[in-house]
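The data below hold one chain only, encoded as structure tokens and taken in the form predicted on its own.
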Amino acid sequence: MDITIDNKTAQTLASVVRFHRKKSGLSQSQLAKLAGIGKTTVFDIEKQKPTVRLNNLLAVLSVLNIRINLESPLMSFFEKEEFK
């Protein structure tokens, strides 16, 4: 599945991934290997490529212990419906 994200979100993701990777002492290749993806994908995430495969992004975030928080004005209604 491909996802498209806006420039601000891509910039934030790139910065967060790069920061966590470096603080973890990992090279792009090492992170890619741990996530089970190609090095080019890590490079693309860090270079703010606006289209990445969702499963690859999630794999990278998981390795780096980064969680995603979804927010919207309708989230409270979703949570009430989802967990009935």
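Position 1 is the first residue in the sequence shown; the rest follow in order. Keep in mind that what you see is a predicted model, and the values were worked out from it rather than measured.
The same protein also exists as the form predicted together with the DNA; that form is not shown, yet it is the one meant from here on.
Lys22, heavy atom within 4.5 angstroms of the DNA in the predicted bound form = Because a heavy atom of Lys22 falls inside 4.5 Å of the DNA in the predicted bound form, the answer is yes.
inquiry  = Taking the DNA as it sits in the predicted bound form, is Gln48 near enough to touch it, meaning that at least one heavy atom pair lies within 4.5 angstroms?
reply    = Close contact is absent here: in the predicted bound form, Gln48 is far from the DNA, nothing within 4.5 Å, heavy atoms only.
ask   = Can you name the residues of 33-68 that have a non-hydrogen atom within 4.5 angstroms of the DNA in the predicted bound form?
value = Result: Gly36, Ile37, Gly38, Lys39, Thr40, Thr41, Phe43, Asp44, Lys47, Lys49, Thr51, Val52, Arg53, Asn56.
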